[in-house]
Each structure stands twice: as C-alpha cells, then as structure tokens.
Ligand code: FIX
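Presented as structure tokens, the chain that follows is alone, the form predicted on its own.
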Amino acid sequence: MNAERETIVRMTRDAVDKVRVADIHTHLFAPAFGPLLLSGIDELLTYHYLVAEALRWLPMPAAAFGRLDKRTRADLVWRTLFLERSPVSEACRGVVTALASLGLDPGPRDLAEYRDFFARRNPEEHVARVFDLAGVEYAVMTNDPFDGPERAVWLAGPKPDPRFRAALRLDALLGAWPSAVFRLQAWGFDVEPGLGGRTMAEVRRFVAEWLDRTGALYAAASLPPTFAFPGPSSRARLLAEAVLPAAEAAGVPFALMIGVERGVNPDLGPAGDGLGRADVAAVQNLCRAFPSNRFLVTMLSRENQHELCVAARKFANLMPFGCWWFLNGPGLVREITALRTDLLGLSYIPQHSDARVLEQILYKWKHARAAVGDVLAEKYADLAAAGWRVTEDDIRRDAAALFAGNFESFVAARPAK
C-alpha cells in the first residue's frame, strides 16, 4: 500500500468512525414506552437470530424451547452458542461486541456478571450512554397503531424524546385488511370489507391522524416477495387510493420493505420467517404512477439488489436503503455498498440497524461502519489513482451525507414532536 492510499484509508476510517448516525429503521422504543423498550443480556441472547441458530444444535423442539422462561432460554443459548462452540456468526459476534463496548470483559464468559451489570444500570442514563457509544444521533422507531400497548401510549401522549423518532407502520392495514376492518370500525371509521362506500376516504383520514399524532418521518410496510403493483388486491388498492395520497398530503415518504416470507417454519415464531426474490417492476410502477410521492425501499433478497439500483437510476423519487435482515453481514454489506456506489455514486442510504434490543445498536453500527468504510476507502483510493485530489473535508462531507444527510434531505425531516 503506497503512502497516498494509506492516508486515504486512515482519513476514511476516521470520518466513518466519528460521523453521527441517523438510524432510520429500528424496532426500539423511547423510554416513555416502558417495557416495549427491550434491553439487557437476556434480551440480547433470546433475540430470534440467536434462537434460530441455537435450535440447530439443541435437542428439543422449538415449541418446547419457546415455553421456557426467558432466563432459561438465555442460559441455553449462552451455553450452546458461546460456551460449547465459538460465537463466530454475525449475531453471536454482535453480543460480544456489545459487551465489550459497554466495558464488560467477554473473556471470562461470565453470564452472571453481565446480568448483574444490567440489573444495576439506571435506565435513562443507560440509554444515553448506549446512544453515545454507538454514535447514534437518533433512532427511528417502528410504530404500529394496531398494537394495543403501543397505541395506548400514543393516545396518552408520550413525553417527546428527540432521540427517538416515529415511523408509522401499516402492515396490519395493508396485509390483513379483513381483520383491520373490524378494528377501524370500532374506532369510529366508516369502512367496509369490500372497500366500497367511504372506505378509502376513511382510511386516508386514519393514516393522516396517525401521521400527525406520531409526527412520523415516514409511513412504511413490510411486504411479501409476491407484492405486485398495480393489481386488484386490497393491498394495491389501499396503497393507491388511500395510503399514498395521505402520505403525499402529509409530505412524508412511504417505505417499502419487500421480500419477507412469513412463517416459513411457524414453530419458530419470529425466528421462522424466510425470504424470496421479489419483482422490482412493482417498485418502478409505483415510482412512475406516483411521481409526487417519495419511496424509501429495501429488499430482502440479495438477487434483487442490482435491479433495485438500476431502478433508482431511473427514478429520483426512489431511495434505496440499508442491508436488511439476512443481508446484514459484513460480507454482504460490503458487496451491496460497492454495487450501490458503482451505480448510484453517493445517492443511497447504506445501512440501518433494524435493532430490536437497545444494545444491538452498539455492534450493528460498529460492524456496519467498518464494512462501509472499507468500501469507501477503496473507492476514494481508486479515485485518487485516476487523478482526483481526495481531501479529508470531502470524505467527512460524504460520510455525513451517507449516514444521516441523505435520509434527512429525502424525508425533509419534520421537527421532533
């Protein structure tokens, strides 16, 4: 490695390590939501990634494992994945990184010590410390107005917390319309199962009310690989005639998270979902039919990534984001980031944590920064070799855009509510 390349690598790693992050998609909650904010070593160990991995080794059915109390499940995962074999998977390494980031020594492998640490922490101070260590400026939650406990908090008016922003999740509306109808009716909305009458106007009213109540930066839905648009399905019609008009009126994008195949192994519960390749034509059709709407899009299949990048070259109202779920490993993050940079320059959002447990942002962002930084350093070195003068200010500017600015510009982020 020559001196110029070494300097570029050093500057890039420094810029990426220090940049403050907008974590644009998580399943975390502000402290005001009480027990909905998951935290601690037992939550880390019983995260569904680790459960699925442990059950490949444990001599018990998934249903029997699920009936155990959380502490016992955590003990089994710890023994199976951390003591009886090396924790080399990304999910296991992540637990080790999170512990080390908090100043805990993973060397002794002392689960009792880790439990004692989390039991003694002050919750509010701990949240602040984790965000600071992870370099996260704020996290965007996943907020489901059909979830009873969460709905109750929103209706009571939670204390604003600028570290946690909202995203209105509409899976229950778009993916389970027959069930959603009865709940909407109970809440005073004049809707019909067949989508007739005032249904579309009332769904627009519902979405508008919840966008306003939560101050959501965007609305979103997780979609199967079979998602198609246009089409006669209730999902396609609700999107076209209610959800997207409401989002446009509110000035917020719609996030499409495409490719999840629910319940491939239902015995595993949340760990039993799989993936499938989707049709990017559905995304292109939406971008073309609704040019005044903006679409944040992530896709779960590796095979969809190239097609999505090409689509983004054609539609400025399409923003690819993140390496979602089964794509969130360093090798795939590097591959996808390099592909996006080759085709889109810097006009994408490289990653989100998708964290469900607070401490996961410690490892997800440490690992993501390393992977994205590797790609950027290579691109800057190649650019310098072509004759362009790469400056430290340029690199810092670009890192700020990739890790926060691109998202904020695209959503025209609302003030915290």
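Start at 1 with the first residue shown and count on from there. Everything numeric in this text was worked out from a predicted model, so none of it was measured.
What follows is about the form predicted in complex with D-fructuronic acid (FIX), which we do not show.
Please identify the residue among 380, 33, 47, 65 with any heavy atom within 4.5 Å of D-fructuronic acid (FIX) in the predicted bound form.
Here the answer is residue option 47.
Name the single residue among 165, 294, 169, 340 that comes within 4.5 Å of D-fructuronic acid (FIX) in the predicted bound form, judging by heavy atoms.
Contact residue from the list: 169.
Taking D-fructuronic acid (FIX) as it sits in the predicted bound form, is residue 257 near enough to touch it, meaning that at least one heavy atom pair lies within 4.5 angstroms?
Residue-level check for residue 257: yes, a contact with D-fructuronic acid (FIX).
Indicate whether residue 324 is a 4.5 Å heavy atom neighbour of D-fructuronic acid (FIX) in the predicted bound form.
Yes, residue 324 lies within 4.5 Å of D-fructuronic acid (FIX) in the predicted bound form.
Taking D-fructuronic acid (FIX) as it sits in the predicted bound form, is residue 199 near enough to touch it, meaning that at least one heavy atom pair lies within 4.5 angstroms?
No.
Though only this chain appears here, would residue 304 touch D-fructuronic acid (FIX) in the predicted bound form if you measure heavy atom gaps against 4.5 Å?
Result no; residue 304 lies far from D-fructuronic acid (FIX) in the predicted bound form.
Exactly one stretch in 370 to 378, 56 to 64, 348 to 356, 388 to 396 has heavy atoms within 4.5 Å of D-fructuronic acid (FIX) in the predicted bound form; which is it?
Going by heavy atoms within 4.5 Å, the stretch is 348 to 356.
Each of 97, 334 and 366 near D-fructuronic acid (FIX) in the predicted bound form, meaning some heavy atom within 4.5 Å?
No, because 97, 334 and 366 lack any heavy atom that approaches D-fructuronic acid (FIX) to within 4.5 Å in the predicted bound form.
For the heavy atom contacts within 4.5 Å of D-fructuronic acid (FIX) in the predicted bound form, list the residues of 216 to 237 involved, in sequence order.
The stretch 216 to 237, when checked against D-fructuronic acid (FIX) in the predicted bound form, contributes only 222 at the 4.5 Å heavy-atom cut-off.
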